[in-house]
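Below you'll find only one chain, the form predicted alone, shown as structure tokens.
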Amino acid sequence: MSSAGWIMLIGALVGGSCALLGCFLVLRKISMLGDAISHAILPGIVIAFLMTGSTSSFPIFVGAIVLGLLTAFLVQTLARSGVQGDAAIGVTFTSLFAIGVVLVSQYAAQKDLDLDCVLYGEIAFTPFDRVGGVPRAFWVNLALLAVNGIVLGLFYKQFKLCAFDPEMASAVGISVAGFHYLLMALVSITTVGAFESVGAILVVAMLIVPAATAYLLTDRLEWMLAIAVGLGAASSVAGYFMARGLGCSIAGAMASVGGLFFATAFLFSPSHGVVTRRVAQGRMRRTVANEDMLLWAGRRLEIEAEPAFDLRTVSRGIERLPRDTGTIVSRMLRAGLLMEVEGRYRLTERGEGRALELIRRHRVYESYLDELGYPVDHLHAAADRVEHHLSPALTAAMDAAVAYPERDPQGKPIPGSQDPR
């Protein structure tokens, strides 16, 4: 495999292993604790290096795990002592990280352990450090992905319950604190494994951004885990080509692509996207306006001998400005629900049918609320608030629940599927 292939593969492994853990950090609303650990384990790495004189994986992992657990413990202790949660994280990780920076600059800068390596990493060099013809970073990150996957698979139910309902988890005998520290240990060793690939700073993006993006795209944990891993891998592959095209840092480009994925999900997520919600809200406003006019016109058929009306009359009837009413009328004309005759408007046959359906929905809901004991003088206002959200199936179910009444609580006839007149 070429160096480019190894770089993308190693990046994908880093993104996948970080994303698995990041999902639970995001769900538990402790994302910044992952940031804290990724920085605070630096003194553990340096101390392990100074004690052993080696940069081999085992002592480095031990030092990272110890400092990672210490960070989680200190944050928890400070929070329980009255320090605000974000302040506890900030104080702990900045203090420990500063200690690590001092130790690196004073004792390890000339011994193959420098700040540039630790903070920024350089994934472009990983293909050259090989074991058995395969880059060492590949084996390390593959092992981390496997360990994270196995641990989360074995204790999936426990991690899931601790993330969504820690009180329930504690009540059924699950050690919430134990699984919290297990998660922190996994975050610590995963961060160390990613150091030489993306560095301590950029690993935070790999840890949080894919998970946060997946959170916007689905409401199921299983899908969230799968999407996060896929996004982590996609960020690595796309980031490599972006870096090659722009001539910039590969790890930085990978994190930037992850940020672009997040921004896209933030704007266009089917359920949480800002643009998607705005479009849905606009569509709902138009639907409400259209249905209000049809309801007004349908009720007018019941009480007025002359079904035609002009723009001013309908504007007063639906209590909207003439300009807005003109827009609604134009939509109704285009939809074939209204027709214009000598400057006046009236419902088409199709429009009358739709108006009767809406009247029936409104009055069935009033009858249902009346059956539940809702005050009669509040029925109309309550139905006005909800009627635009009732589906035909729900209307039919409510109609059956109140034994198919012919009149609503005010004595007005409830249209059937066809105009009863």
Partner chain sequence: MNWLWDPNARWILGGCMLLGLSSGVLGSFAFLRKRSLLGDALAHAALPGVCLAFIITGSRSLGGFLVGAALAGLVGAACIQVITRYSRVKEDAALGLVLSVFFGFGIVLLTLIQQSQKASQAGLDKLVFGQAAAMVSGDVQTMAICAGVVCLATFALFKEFKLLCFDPGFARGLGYPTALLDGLLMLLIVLAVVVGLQAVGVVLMAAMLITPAAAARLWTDRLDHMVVFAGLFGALSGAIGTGLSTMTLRMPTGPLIVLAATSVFAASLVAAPRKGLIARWVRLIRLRRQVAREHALRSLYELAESRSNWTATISVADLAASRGNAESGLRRVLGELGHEGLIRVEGGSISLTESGLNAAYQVARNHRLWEMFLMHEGQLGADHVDRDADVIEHLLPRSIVEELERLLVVHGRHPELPPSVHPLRSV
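Residue numbers count along the first chain shown, from 1. Throughout, rigid core stands for the largest set of C-alpha atoms superposing within 1.5 Å between the two forms. What you are looking at is a predicted structure, and each value in this text was computed from that prediction instead of being measured.
Absent from the display: the form predicted together with its partner chain. The rest refers to it.
S.K.: Report the residue, out of F266, F241, W139, F73, that has at least one non-hydrogen atom within 4.5 angstroms of its partner chain in the predicted bound form.
M.R.: It is F266 that has a heavy atom within 4.5 Å of the partner.
S.K.: Could you work out which of I318, V237, A98, A226 is the residue within 4.5 angstroms of its partner chain in the predicted bound form, going by heavy atoms?
M.R.: Filtering the options by heavy-atom distance leaves A98.
S.K.: Based on heavy atom distances of 4.5 Å or less, which listed stretch (172 to 180, 267 to 275, 321 to 329, 285 to 293) is in contact with its partner chain in the predicted bound form?
M.R.: Comparing against its partner chain in the predicted bound form, the contact stretch is 267 to 275.
S.K.: Does the 4.5 Å heavy atom contact test between H378 and its partner chain in the predicted bound form come out positive?
M.R.: H378: no contact with its partner chain in the predicted bound form.
S.K.: State yes or no: in the predicted bound form, is some non-hydrogen atom of Q281 no more than 4.5 angstroms from a non-hydrogen atom of its partner chain?
M.R.: No, Q281 stays farther than 4.5 Å from its partner chain in the predicted bound form.
S.K.: Can any non-hydrogen atom of T313 be found within 4.5 angstroms of its partner chain in the predicted bound form?
M.R.: Flag for T313 set to no.
S.K.: Is it the case that A255, even though its partner is missing from this view, gets within 4.5 Å of its partner chain in the predicted bound form, heavy atoms only?
M.R.: Within the cut-off, so yes.
S.K.: Output the sequence-ordered list of residues from 247 to 262 with at least one heavy atom within 4.5 Å of its partner chain in the predicted bound form.
M.R.: Result: G247, C248, S249, G252, A253, A255, S256, G259, F262.
S.K.: Honestly, after the rigid core fit, is Q158 moving at least 2 Å at Cα between the shown form and the other one?
M.R.: Shift of 2 Å or more: no.
S.K.: Once the core is superposed between the shown form and the other one, does Q76 show a C-alpha displacement of at least 2 Å?
M.R.: It does, since the Q76 C-alpha is displaced 2 Å or more between the shown form and the other one after the core fit.
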